[in-house]
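Just one chain is shown here, as structure tokens, and it is the form predicted on its own.
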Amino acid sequence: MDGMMFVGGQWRKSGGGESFQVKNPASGAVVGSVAKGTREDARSAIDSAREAFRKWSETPPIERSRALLKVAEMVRASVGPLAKSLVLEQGKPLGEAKSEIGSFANTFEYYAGLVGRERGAQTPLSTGEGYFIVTKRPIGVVGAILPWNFPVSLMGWKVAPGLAAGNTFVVKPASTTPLTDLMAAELLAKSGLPAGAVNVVTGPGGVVGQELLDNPGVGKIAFTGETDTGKKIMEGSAKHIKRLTLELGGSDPMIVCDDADLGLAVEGATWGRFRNCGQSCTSVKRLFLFESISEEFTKRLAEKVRSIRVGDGLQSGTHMGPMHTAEQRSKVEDMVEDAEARGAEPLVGGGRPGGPDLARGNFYSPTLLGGVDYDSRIATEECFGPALPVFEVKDLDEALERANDTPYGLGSSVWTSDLERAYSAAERIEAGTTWVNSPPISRAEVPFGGFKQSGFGRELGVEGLDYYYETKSIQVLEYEKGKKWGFPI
């Protein structure tokens, strides 16, 4: 599939004849190439998806369900090559890559179980003249624009519910992580879906993504990525009033109360911040510790972070791989330097790891920062990498005030043995999800999305399925011959 994209159920070269390389962030080595799609390629994919929609939207629910289950089965059978491909292009450790492939399959299985299970209603009109029916119908062609941090699982989050509802797709993967999404698309095509139900067009966002926004044949955009890009998508979709689901940035707080199980909370903070090298929308990005447990917790956490082994994701024993790009690493370095200039102290890490094996890749040491000023960039902006600022707070009220002092509102967590305190905190935190005594783990059955500038709409859960439907109302009046409606003629 080198130099190709996937359109209409077939591998295809770019209409412009160009391709681009995909590189391993751990070494800089080229691991593949894909087609550099043009606007004409994107239009062709949209046309293919529109043609497939006519058939797929009329496919009986039981057949749609079987196709989604077949996708999950085929993906699970191919977890080895899919996961290896993901490590090579994205950088995460192999275990995390296998987990991401499993998440993709789980999502398809979950939505396969919801196909055809929707319940409608027939309700009498308040005037007694008849009744109304509320029905759901698919939107049509969906443009799915994917990020590079979880390119496979987030493809599943969009495509599985959309297909379950009867829609078809044009997928635009991140240019640095298209390979595994293309492999997944080929499996989708073999599962019983009509040709063109899921197309993957690779290429620049300003070209392929722009066509998805501009083309009236696309009814919805589902996007995961930076908040600034989400704002541009909102603007670009206004011309045709496209339906939108936007999952954007976050600056997720983790609050550890004085009655928390410190051992579990340390594990949760470590996993929550340093999984995928800290490159997750719901990574723990600000850690708030009650004063009475701050010293002990920080000591334990520092020991845990020092034990993280950094390396190539395919090497046995690697806990954390490289950052995805050199540019992303530079952003984190700038944030850490800004915090240090304002008085912060690196408790662990604070720079690039040594050693010849790591020199070629985009590696950065897992980092803890103490004494961080609240005006530092790492406290006020989204830090998308393995650096965690630690703050002391007097009590829960101060923790919640600090936690909510951000334009974002995606995820959050609170650690306490008092369920009343946990519920109160969860109610007051301005975020789409609050995990209680748990690191940020997303599950197919639980709706996911953000408050404030972290986006709108929901993915996963029954709510995620609803965002791939239009709601239609049908009013039925009892027939009465000769009845007039008050018009004076």
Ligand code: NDP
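Note that the structure is predicted; figures quoted are calculated from it, not measured. Each residue number is its position in the shown sequence, starting from 1.
One more form of this protein, predicted together with the named molecule, exists but is not displayed; see below.
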All of 366, 369 and 409 within 4.5 Å of the named molecule in the predicted bound form, heavy atom check: no
In the predicted bound form, which of the listed residues (209, 313, 272, 389) lies with a heavy atom within 4.5 Å of the named molecule? 209
Quick one: of 350, 113, 205, 219, which gets a non-hydrogen atom within 4.5 angstroms of the named molecule in the predicted bound form? 205
The named molecule contact in the predicted bound form: residue 223, any heavy atom under 4.5 Å: yes
Determine whether any heavy atom of residue 100 comes within 4.5 Å of a heavy atom of the named molecule in the predicted bound form, and answer yes or no. no
Test of understanding: in the predicted bound form, would residue 234 fall inside 4.5 Å of the named molecule by heavy atoms? no
Applying a 4.5 Å heavy atom distance criterion, does residue 448 contact the named molecule in the predicted bound form? yes
So which stretch, 119-127, 141-149, 89-97, 291-299, is the one near the named molecule in the predicted bound form (non-hydrogen atoms, 4.5 Å)? 141-149
Which residues in 158-176 have a heavy atom within 4.5 Å of the named molecule in the predicted bound form? 172, 173, 174, 175
